[in-house]
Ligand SMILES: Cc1cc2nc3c(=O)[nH]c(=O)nc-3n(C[C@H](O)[C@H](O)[C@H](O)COP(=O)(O)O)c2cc1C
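A lone chain, given as structure tokens: the form predicted on its own.
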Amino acid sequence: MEIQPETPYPTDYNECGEVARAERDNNERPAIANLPESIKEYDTILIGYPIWWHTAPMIIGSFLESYDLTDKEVYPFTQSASMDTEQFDNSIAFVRENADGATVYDGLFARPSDTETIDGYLENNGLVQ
């Protein structure tokens, strides 16, 4: 499922960046347009996102905080233009802070073209058969 905000982000890169920065600075939780009522049927959640202003977008916090994640397994994955590992670590900390009750596994930080690393992550975590 694609997480979609109730108020769409601007399509202009700079304008979108300004909105994302303001959300981060204010620790906002943007409303989600297509939020499922429940995720009870899922035990494992893979959550992918870009790095925006050195962390995960605040809407990822909106999603995670919307559910009781007790006993859920969460596998974050991301990439960014800079591929800065400190920013990745910040994003994983953000996911862990907002996924109350879940087991949040070490995330995957790889370029989309790095299929060997992606395949290895999926295999090592038992996410593919």
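Nothing here was measured: the structure is a model prediction, and the numbers come from that model. From 1 onward, residues are counted along the sequence shown.
Omitted from view is the form predicted together with this ligand, to which the following refers.
Engineer: Honest question, do 13, 17 and 82 all end up within 4.5 Å of this ligand in the predicted bound form by heavy atom distance?
Structural biologist: Per the other structure, all of 13, 17 and 82 touch this ligand.
Engineer: Looking at 96, 54, 29, 72, which has any heavy atom no more than 4.5 Å from this ligand in the predicted bound form?
Structural biologist: Exactly one listed residue reaches within 4.5 Å, namely 54.
Engineer: Hey, of 43-51, 97-105, 61-69, 29-37, which bit sits against this ligand in the predicted bound form at 4.5 Å between non-hydrogen atoms?
Structural biologist: The contacting stretch here is 43-51.
Engineer: Need the contact residues for 96-129: heavy atom within 4.5 Å of this ligand in the predicted bound form, sequence order, or none if there are none.
Structural biologist: If the 4.5 Å heavy-atom criterion is applied to this ligand in the predicted bound form, 96-129 yields nothing.
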